[in-house]
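Single chain ahead, by itself, as structure tokens, in the form predicted on its own.
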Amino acid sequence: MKAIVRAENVSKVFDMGKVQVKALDNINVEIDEGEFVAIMGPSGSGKTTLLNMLSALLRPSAGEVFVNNKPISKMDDDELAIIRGKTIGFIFQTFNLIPRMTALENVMLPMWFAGLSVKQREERAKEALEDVGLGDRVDHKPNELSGGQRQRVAIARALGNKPDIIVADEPTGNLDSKSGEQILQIIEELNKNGKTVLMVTHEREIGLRAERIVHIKDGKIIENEIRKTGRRSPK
């Protein structure tokens, strides 16, 4: 398998006034094409910073992140936006839907930035909503949907530009157990259909759904847990 995302000697430092905080410390990790990887660690461990780095939302302070073998630190903001828009689909804990827009319009929005025609946007958005079981909710606004349904709209939005990578930051964090299970099943199905999935979670039982768990603490990877074989490997 080839690495679709990789970090080489990556560190990230945030300036907090007069104090500098090192969120990541010399990280090396590869995510293979088609792999389902969970990132786990205690609060403040750097797991969300690592996720944001691997999904080109942040540039490293040192080292390099490669997405499809392209170094992100060399890209300008427009190039990064194109990579994120075409290669990566984002699912957030808080859904991040626009309240005044319908489900269909929310799903169509990233496709507008990608330059698709209105017809293409509508067709893809309807198809994506059908895929997540919301074909009969296209005209509903977020406040007319349950939490689980809103997260499914968010997943449909992430799928609109047909990305290679799905990035999920605590995707079940605001959901009840039944809705959370439905969302995890959708994510697993996406992975079975060839999508690379990179997910942050603080819940062990959710992390166990992945093929591999990357454990992070104090900004360092302390363990790669291979779930396929039950084998544990060092960092």
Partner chain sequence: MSKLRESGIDLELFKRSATSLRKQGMRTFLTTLGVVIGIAAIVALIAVGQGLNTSVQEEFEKMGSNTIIVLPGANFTQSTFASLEENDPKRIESINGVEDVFSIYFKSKQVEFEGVKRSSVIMGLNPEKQEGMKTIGMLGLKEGRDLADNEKFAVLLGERFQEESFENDIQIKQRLLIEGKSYKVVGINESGGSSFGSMFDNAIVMPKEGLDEISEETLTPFRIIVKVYNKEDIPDVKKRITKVLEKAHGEEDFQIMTASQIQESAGAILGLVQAVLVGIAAISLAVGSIGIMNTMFMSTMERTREIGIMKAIGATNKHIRNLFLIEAGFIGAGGGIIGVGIGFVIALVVGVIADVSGFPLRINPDIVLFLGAVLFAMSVGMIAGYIPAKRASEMDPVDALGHD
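Computed from a predicted structure; not experimentally measured. Positions refer to the first chain, counted from 1.
In what follows, reference is made to the form predicted in complex with the partner chain, a form of this protein that is not presented.
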- Check each of Asn52, Asn68, Asn28, Gln185 and return the one that places a heavy atom within 4.5 angstroms of the partner chain in the predicted complex. Asn52
- Query: Is there a non-hydrogen atom of Leu208 within 4.5 angstroms of a non-hydrogen atom of the partner chain in the predicted complex?
  - Reply: no
- Answer with yes or no whether Ala128 is in contact with the partner chain in the predicted complex, where contact means some heavy atom within 4.5 Å. no
- So in the predicted complex, does Lys162 come within 4.5 Å of the partner chain, heavy atom to heavy atom? no
- Query: Should His140 be classed as touching the partner chain in the predicted complex when contacts are defined as heavy atoms within 4.5 Å?
  - Reply: no
- Task: Could you tell me if all three of Asp78, Ile82 and Arg157 have a heavy atom no more than 4.5 Å from the partner chain in the predicted complex?
- Result: yes
- Task: Heavy atoms, 4.5 Å, the partner chain in the predicted complex: which of 32 to 40, 193 to 201, 55 to 63, 176 to 184 makes the cut? Say which one.
- Result: 55 to 63
- Contact set, 73 to 102 vs the partner chain in the predicted complex - heavy atom within 4.5 angstroms: Asp77, Asp78, Ala81, Ile82, Arg84, Gly85, Phe90, Phe92, Thr94, Asn96, Leu97, Ile98, Arg100, Met101
